[in-house]
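We give structure tokens for two forms of one protein chain below, kept apart as structure 1 and structure 2.
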Structure 1
Amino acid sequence: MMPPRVMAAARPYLYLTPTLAVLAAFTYFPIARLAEMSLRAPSVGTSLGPWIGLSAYAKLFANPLFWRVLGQTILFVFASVPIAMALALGLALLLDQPLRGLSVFRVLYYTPVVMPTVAVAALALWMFNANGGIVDYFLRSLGIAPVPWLVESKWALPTLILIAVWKNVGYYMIIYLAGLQSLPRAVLDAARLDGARPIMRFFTITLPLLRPTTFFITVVALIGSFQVFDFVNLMTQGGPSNATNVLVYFAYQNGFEYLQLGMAAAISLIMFALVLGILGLVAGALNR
């Protein structure tokens, strides 16, 4: 039996132990394990295989498909995030007015966020389908030729971007709305009384004041978008001819289809490093 003083001192550590144990086992240890796997030739089962140095990385960097996948991932992130954020900010500005009934819009615009990605993928497959899809019907009725949405390489990634924007815009909108509602009213009112035009007010006052919110959304959106996998796996399997292959899917493919676990680990680590690097840049640019 420990003396009571020691017990009391140990208590906070005791309370923290379960959380730290889970994070150590499933978040931090895996990063070290990925590094080890990427330097060995592991096989499915229990064997980690012999040490092979940096050859997985060498092979990866020599593979043009890796660079293409990397580029497509970056394109996906840097197209879907700004588009969704701009739309979200626009909606948030509209909803941040003393108008009747706006809470209904707030709820409706948020609905896609609680939908399972699998259900969204199923719905999008049907709506964008080349055979009977309703999106093509709308285009035809506007006199526009049907678009080979998921069938043709140059259209497939933009289609996934569109779907990701649809799914996420409500989430960013709510956070922007929270940011807008916490702005100091006095400053905004003073600017209005000074006769500053709405557009001037937005760019010189509202937007700079919103910078912490923008920073927060950017971080969350970047991390979330780099993880894109569900739509790819469910809708295109990375195709047509790898046009929608992205880093997480590429790692998954290497690990579970080609059983190249070392290669998969290397891809995961590179993606992690990339996300950290970009977050660092964003923090430097936005969070001064």
Structure 2
Amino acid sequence: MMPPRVMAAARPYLYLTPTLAVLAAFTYFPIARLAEMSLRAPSVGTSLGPWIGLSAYAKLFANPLFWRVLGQTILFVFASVPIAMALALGLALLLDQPLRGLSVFRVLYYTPVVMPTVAVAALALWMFNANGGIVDYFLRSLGIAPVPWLVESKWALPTLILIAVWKNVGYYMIIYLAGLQSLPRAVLDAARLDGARPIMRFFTITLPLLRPTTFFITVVALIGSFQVFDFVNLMTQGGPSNATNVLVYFAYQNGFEYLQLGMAAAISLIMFALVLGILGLVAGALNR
């Protein structure tokens, strides 16, 4: 029989044991297995191959395409996330006003979130079609030359960023709206009575109080943006000329098209470390 003091100290860890066991089985062990795969040369349908050490990483770092894909991934993340979050906060501020019909606008803004990714990709392919797409139709009506959205390299990645922002902004808006509606009204009313202007109240009261909400959205948005795959796979397959290739799709190509499982594992681990590092920096910046 354990002493009562030891039992009391061990009880929280006993409660955490089932969760830790699930995480170990479905998270930590797969990551360790992935790391082992990146240090070997496994082939499809066989066990882990011979030990090759850091050869896969050396090949990756010597491949110019890897650095291009990495740069495009970082550009996609740090372009789509701030734009989507800024738009979401602006829409949430508008929808937090006591106006009629706001529930209709909330549904309209949130509709792209619940739409299947395949449907969104098909709709986007029609809208941004260089031959008769509705976006180019409106550009022609304004006297602007059509834009080869998904055909030319310089336009393809910005087009995917625009589509990703449109798909996700409604989700972030709902979270921001919930955060705004949970703010202490007494503080805002006191600032209003003291003569603080709306823009001053926003930057000195509202935005600081929304820091936990902003942190949550930032984490979710960063992880989701790094994991972008569906739009690339359905709309561009990494083209044209690898202009929309990102780390997840690059790992998919190496693993399932080129059957280089060790290389795919190395890419996945590099992306995991990159996401973990960026999230650590963001957490440190927002929790000061």
Partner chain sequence: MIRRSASYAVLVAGLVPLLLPFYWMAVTSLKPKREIFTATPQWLPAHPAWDNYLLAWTAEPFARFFFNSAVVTALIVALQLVLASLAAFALSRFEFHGRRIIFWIIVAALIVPVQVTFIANFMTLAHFGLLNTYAALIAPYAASAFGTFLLRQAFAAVPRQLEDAARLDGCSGLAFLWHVLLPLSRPTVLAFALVAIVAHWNDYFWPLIVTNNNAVRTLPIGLGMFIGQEVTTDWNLLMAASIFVSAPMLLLFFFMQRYFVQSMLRTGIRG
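What you see is a predicted model, and the numbers here were worked out from it, not measured in a lab. All residue numbers here refer to structure 1's sequence, counted from 1. Between two forms, the rigid core is the largest collection of C-alphas that superpose within 1.5 Å.
The form predicted together with its partner chain corresponds to structure 1, not structure 2. Relative to the superposed core, A25 undergoes a Cα shift of 2 Å or more between structure 1 and structure 2. For L16, a C-alpha deviation of 2 angstroms or more is recorded between structure 1 and structure 2 after rigid-core alignment.
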